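Taking the form predicted on its own, here's one chain by itself in structure tokens.
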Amino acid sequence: MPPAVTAITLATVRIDLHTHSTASDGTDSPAQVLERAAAAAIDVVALTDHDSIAGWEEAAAAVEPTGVVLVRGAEVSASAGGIPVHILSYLHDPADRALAQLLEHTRTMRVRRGRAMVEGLARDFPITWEAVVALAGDAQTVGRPHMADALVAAGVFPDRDAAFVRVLHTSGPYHLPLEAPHPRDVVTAIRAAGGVPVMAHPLAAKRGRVVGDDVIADLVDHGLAALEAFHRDHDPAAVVHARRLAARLGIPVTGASDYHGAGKPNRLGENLTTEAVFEALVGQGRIEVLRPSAG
């Protein structure tokens, strides 16, 4: 694996705006994400579980003991012409009914899709839906990483990455598309809830098909705030493309780890967001960034 492309190598404030916990498909609890961030000398971390804000309360309680600034968020699933799109939502109002319903519906669709995929996998591998759910634990969002965990537990593959490469990739024979809203509707819902929408890994072709620049431009017209240009799954050409596209569309770029704990090789802080971009984004949110008390 080549080293990640880092947005900034020397920074006064180290800011990682994309992480996952056991509330979705990470292996660290929300509090542990902040503890790991502190150990990695990260000053600001965003908790962005898939289609869920279930980890917000626990993460908030860890701000004071860890000294890490918390940006509460979620990674919202979307689909454009059958192509998966992920929109990071920062600092939206958790009480907003429309966005909460959208997230709940997507989680329901994830379960429906997951059951169907496991039925297909079970014809060739020793896997059951019950095993997947058990390994998901308290996660509100059950997805392919938990299927990978079940395959690893059954001794089929050595780790999640191998399971994804061999059978769970979006181009694989067992994959089924997730029924999810159009990203335009997701961006609109996030803005209506007072959130700040940022497109995650927009050009990560190694994950499968990606949307065209015209789709991204349309999302900017509907309120998209930034592109996550600096990401492990972007090769150097994709980073250049994302930066040029963002500049043409008049929006900034971010960088983040997409940390999942032991579930992926991504390391906290391997990609970072500049302080100027961070301040510009959080100034648009409806709820506050949670900071430890001074001293």
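This one's a predicted model, so the numbers in the text were calculated from it and none came from an experiment. One rule holds for the numbers: they count along the sequence shown, beginning at 1.
Another form, the form predicted together with a small molecule, is not on view; read the next lines as being about it.
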Please identify, from 216 to 224, 184 to 192, 155 to 163, 129 to 137, the stretch that has a heavy atom within 4.5 Å of the small molecule in the predicted bound form.
155 to 163
If you check Pro202, Pro197, Gly73, Pro145 against the small molecule in the predicted bound form, which one has a heavy atom within 4.5 Å?
Pro145
Is it the case in the predicted bound form that Asp16, Arg232 and Gly255 each bring at least one heavy atom within 4.5 Å of the small molecule?
no
4.5 angstroms heavy atom contact with the small molecule in the predicted bound form for Gly269
no
Taking any heavy atom pair closer than or equal to 4.5 Å as contact, tell me whether Arg107 reaches the small molecule in the predicted bound form.
no
With heavy atoms only and a cut-off of 4.5 Å, decide whether Gly263 touches the small molecule in the predicted bound form.
yes
